[in-house]
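Next come structure tokens for two forms of one protein chain, structure 1 first, structure 2 second.
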Structure 1
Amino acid sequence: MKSLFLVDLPGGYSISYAELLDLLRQQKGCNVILRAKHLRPFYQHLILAMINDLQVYLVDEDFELPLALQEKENTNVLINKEKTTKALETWDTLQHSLLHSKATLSLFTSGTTAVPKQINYPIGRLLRNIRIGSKYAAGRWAFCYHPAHMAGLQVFLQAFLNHNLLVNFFGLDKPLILDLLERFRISHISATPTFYRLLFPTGQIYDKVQGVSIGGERSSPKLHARLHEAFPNAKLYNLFATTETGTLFASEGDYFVIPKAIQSKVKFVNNELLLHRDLLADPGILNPEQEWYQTGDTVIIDEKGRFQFAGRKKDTINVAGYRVKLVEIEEALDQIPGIQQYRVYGRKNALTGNIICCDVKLLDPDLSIATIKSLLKENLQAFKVPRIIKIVDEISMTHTGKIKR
């Protein structure tokens, strides 16, 4: 039987490893700006770039590239024919080539200023977390993350390098997800707490699932209990990862233990997690004299020195596993002439952690909430558009004269 690489129902196709190799052999060049619209071309270009040790830029669908990169979009970079042909001879040669790749993955993250920071990630760093071996050979993965984000990349590499099946679950609704879990006898799921919460109650148990990882947001004992119920044979893992570092901590419970090897490189200041520059994929994001990187992640520490992810500092909030920088929304509001002042903030809820809300004070009394929303939608991804907008007479200020968040 042909072994399948990818099943993408929304895309309407499936592709085997043999077919993928054929497609790759026919490809003459490779894009280095990878927008995560469709999985198959995205991975085709990523694989070619890895074989050729190129620098690729992984970006969201709506990401506005820095000027210097714009000309690279949609232009094919020539690839080394000899090297590529050799790597694509068989699956084993491809796996070997990818495992020794010197490619650089560039991702953009929102820093403390409005300008997105480019992080250059040597692929070797990511590959270090990948486990390969016969134990992993039969994996069948539910793919539940954004493909261009760190978590999605790690799932892809873990699955692909073990010749596993990936089934695209990203953005699907509950009945289809439950159907696919059964139909493809999924063995591993890696997703955010929000993804799992939306599956409950599942109505039946899925005993073929062996591994369930949770990442990106705070999870809870209640969620763990429900996961154990639905997936009785699965081992649960909590993962802590950031765009700047990749996966750093893993635990089987609510609390993370800092591995001995990096104990001196992790500290907490005012309950914020700080990482030593040695742990960063790209220490270039810090000033040369800066030793510690402030993650913006707040934690709860117990008496044994273990910690739990509590949330984000106020300038960034977590919406269903996505980090949203409030300043990005504020900038989009700045573009709307009829708005005089605004306050953007998160509202907590048990489903997505937070949703974005904002209060606005209008200059133009005829401006409607619907118009504001549709204008914001032009510039922001759906999860960043404030869900609840209130028109107010006065915006509340803090005692230092800053607008409250």
Structure 2
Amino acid sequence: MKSLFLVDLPGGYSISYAELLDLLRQQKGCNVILRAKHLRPFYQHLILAMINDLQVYLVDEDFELPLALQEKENTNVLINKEKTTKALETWDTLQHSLLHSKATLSLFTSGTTAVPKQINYPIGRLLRNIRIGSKYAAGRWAFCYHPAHMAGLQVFLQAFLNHNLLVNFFGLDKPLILDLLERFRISHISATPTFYRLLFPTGQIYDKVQGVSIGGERSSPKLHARLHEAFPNAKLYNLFATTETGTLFASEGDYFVIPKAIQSKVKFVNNELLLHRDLLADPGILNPEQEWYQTGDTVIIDEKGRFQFAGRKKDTINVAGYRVKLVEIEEALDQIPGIQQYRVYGRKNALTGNIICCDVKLLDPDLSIATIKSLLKENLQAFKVPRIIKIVDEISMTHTGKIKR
């Protein structure tokens, strides 16, 4: 029980599992609206809510709650003392309590529209993707996602229920991340392609890392090759998950295969991924007559029926009468060695409908905008080459660690 649970350098503390149990035993209540400002209280209240089978709402730091929920913010709910005391007797009783929890976790997402949706997750639906057992007991996780979002919840549950170490990497800069990888002998990383791209070049090999998962954005073979170089002993997994469904697909290569158990619940229409309402955590987000949920994710399907994610449907823009997929430009930028990160987006224009813009963060300070445009013209038609390219120090990212469009 002396093992560490959480190391949070931005918060300035670390806490062991034993210390966490002591803190939980002292609490008489918990909040049901949880903003992820600080990890330790966030997880304390989340664990108590799960023990007591409550509905808890997980929100971004600056998220504006619906009016119906605003009065619940900062309201402390009394917990069942007898049930909580029994659950917190030992680590084993706590683990058993969480695995049998009937709590509901409510998350908010914009989905494919600009209107936030509330997704209600019975905790059991999240727990079904968690692997527990002696083979997972030695895990040491890099925590690279926002804690109030789906991917962050999955990593927390996987680490916590296996008594693993969780080290907070979210929002840190490259030198500190690389230092923490080595210092804490991290064994597992799950992050967005944006996160991984910011690490390269790493300058060394991290052979203690056993598992590397990629999710949340389109990936690329070039990124996979870099990850294999930096983490030669790690299995590489591509993951597809949404707030609406949780994790659905996993792949060790570039292509996904639909598991047999859900093949009748997945289809493609005009290269867009559609999911049957049975796969949704909360079918209430659809109208009663709707059978299929449009994800907005576009795919490329090969002759064997396998598929790759090509991007978001909304990431196709009109430029002077031509339909341009921003992913094509991203793929071309990915081939330029001196670029570390990029953001491609459209800007409204009265004459052409949109003009293509691009922000780039460089690895090679001598790489010029003129050279970038010249190299892009080798792989793109002229109308697809960004009209405006800016060299920036940082690329804007969302709360989830993805590139902003």
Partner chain sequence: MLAEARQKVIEIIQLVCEEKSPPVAILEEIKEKTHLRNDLALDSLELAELTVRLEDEFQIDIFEDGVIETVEEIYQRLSI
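Sequence positions of structure 1, starting at 1, serve as the residue numbers. So that the term is clear: the rigid core is the largest set of C-alpha atoms that superpose within 1.5 Å between two forms. Please read these numbers as outputs of a predicted model, since none were measured by experiment.
Chemist: Pick one: which structure is the form predicted in complex with the partner chain?
Modeler: The chain shown as structure 1 is the form predicted in complex with the partner chain.
Chemist: Using the rigid core as the reference frame, would you say V385 shifts its C-alpha by 2 Å or more between structure 1 and structure 2?
Modeler: The answer is yes; the displacement is at least 2 Å.
Chemist: Could you check, with the core superposed, whether the Cα atom of G321 shifts 2 Å or more between structure 1 and structure 2?
Modeler: Where the cores coincide, G321 still shows a C-alpha shift between structure 1 and structure 2 that is 2 Å or more.
Chemist: Using a rigid core superposition, assess whether L54 undergoes a CA shift of 2 Å or more between structure 1 and structure 2.
Modeler: Result for L54: no, shift under 2 Å.
Chemist: Using a rigid core fit, what is the CA shift at S374 between structure 1 and structure 2, in angstrom?
Modeler: After core superposition, the C-alpha of S374 moves 34.4 Å between structure 1 and structure 2.
Chemist: In Å, how large is the CA movement of C357 between structure 1 and structure 2 relative to the superposed rigid core?
Modeler: On core superposition, this C-alpha lies 7.3 Å from its counterpart.
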